[in-house]
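One protein chain, two forms: both are listed below as structure tokens, the first as structure 1 and the second as structure 2.
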Structure 1
């Protein structure tokens, strides 16, 4: 059954333009000009119930605007949206009970009070009984490994603890559609893993649809089988994660540190040199050559440190779009 259905969705903004300097400021005081920005341009997609979909794209691609339209925060300029069978922009209470929006960079918890106070407010707003509230806080708290933290002022919690408490507050009403905007932003690796594990468990347990934006490739790869790529307001890719990864990352980033000095020219055969200094080289190695090339390097040279990873998703997407524009 379809959970999110989007047809010909567009959003245009008027943005005021100001020239720099005093002259620009004076001109802006008396004569203001604006230009229209087409943030989202007629995109179509649908997401089934229980599906976990990654929504990625370079900064300014229109991801957050789309997300805001899907949860009813802003009205679309044109097009149709249906989420859980409702028109989001009407913000009907029944619709609001079915969804949640978690923003990594914003929080709904009351800063100077312990999270439990915000949880009790949310429970009352969603009409959850006292016993059911206790049960849900216990269950979700266990899934998120939260306990004493719920009774300490939010301002005294670490970023990771705050994010977990934020998730608990956002999911207390057990929504069936989750919109997550950078939920792991700024978290350390352990906290990122915990949040991902929690989202997987929540999806499994409650069959929730999860629509996720993130700049961390690991969030997308570990959670989503399907990914939507947005570029300049247009839907560039809608398909499996595997096909996108192949398309986006023909290379892997390999950083190597050596105990001895070696001529740089020796490493050219392993891949393109991205960066180097006396004891260090950063190579971009074709995906299929990573294992044989690394094995050979480890055999031939005295390696003290090695790091293999996918380049940041922003770079990969930029490269893809650059390649696309050159064609």
Structure 2
């Protein structure tokens, strides 16, 4: 069953332009001009219940704008959105009980109070009974490895502990659709791993749909089999990470070590030589030629070690984003 359905979604903003100085200020006051910025341009995608999908793109690509439209915080300029069977822009109470939005750079916990106080307030807002509130806090707290931290002032918690407490507060009403915007922002490696493990467990236990945006590719690769890439407001890719890699690079990296010395010129026919030394060559071979070329190399040469892999996905994504920023 489809949990999130987006058709022809677009968002345009009118941005007022102002020249510097007194003349610019007077002109801005009486003869104001503006230009249209197309933040999101006619994107389409569907996400099934229980699916975990990564949403990536450079700063300014339209990711946060899309998230806010999916949550109903801003209205689209055109297009249709359905989330958990509801139209987000109506912001109905039933819809709000189905979703949550977690933003790594925002906090809802009160700084000078322990998290448990904010949790009790959230429970009252959602009309959760006292016994059910205790049960949920206990279950989610165990999943997040939170215990005494819930009873210490937020200002005395580490960043990792605060982020986990923020997650608990956002999930106390057990939403079925999670919109996560940089949930591991600023966390150390161990804290990032704990948050990812929790999200996997929450997904398995409650069958929640998770829509995740992050600049940490480890978040995406470890949690999401499917990834959406937004590029200048357009949907550049919708599919697996493997198919994204194929789209971004037409070659595979092949590193070979030999027991004997061979003329470097013999390997030019197999691919582009990236680097080499006496007993080693690093080739970049077109994907469609990897199997026949490697088979021939193994037959003709004395190979002691062989490594075949795709270039790191972080490098490919970074190169795509860099290209985007220069245009």
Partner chain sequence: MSNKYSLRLRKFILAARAILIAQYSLMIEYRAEIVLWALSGLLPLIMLALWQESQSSISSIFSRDNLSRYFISAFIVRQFTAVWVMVTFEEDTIEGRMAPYLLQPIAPFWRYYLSHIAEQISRIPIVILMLIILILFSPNLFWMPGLKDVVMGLIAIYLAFSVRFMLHWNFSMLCFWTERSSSVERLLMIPYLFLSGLLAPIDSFPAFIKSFALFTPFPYILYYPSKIIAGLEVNTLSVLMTLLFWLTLFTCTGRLLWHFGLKRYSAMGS
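Definition used throughout: the rigid core is the maximal C-alpha set that superposes within 1.5 Å between two forms. Positions refer to the first chain, counted from 1. Source: prediction; values computed, not measured.
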Problem set entry | Identity of the form predicted together with the partner chain among structures 1 and 2 | 1
Problem set entry | Is_shifted residue 199 between structures 1 and 2 (CA, 2 Å cut-off, rigid core) | no
Exercise. After a core superposition, would you say residue 253 shifts its C-alpha by at least 2 Å between structures 1 and 2?
Worked result: yes
Exercise. Relative to the superposed rigid core, does the CA atom of residue 282 travel 2 Å or more between structures 1 and 2?
Worked result: yes
Problem set entry | After superposing on the core, C-alpha shift for residue 297 between structures 1 and 2 in angstrom | 20.3
Seminar exercise, completed: Core-superposed CA shift of residue 19 between structures 1 and 2, in Å, is 3.6
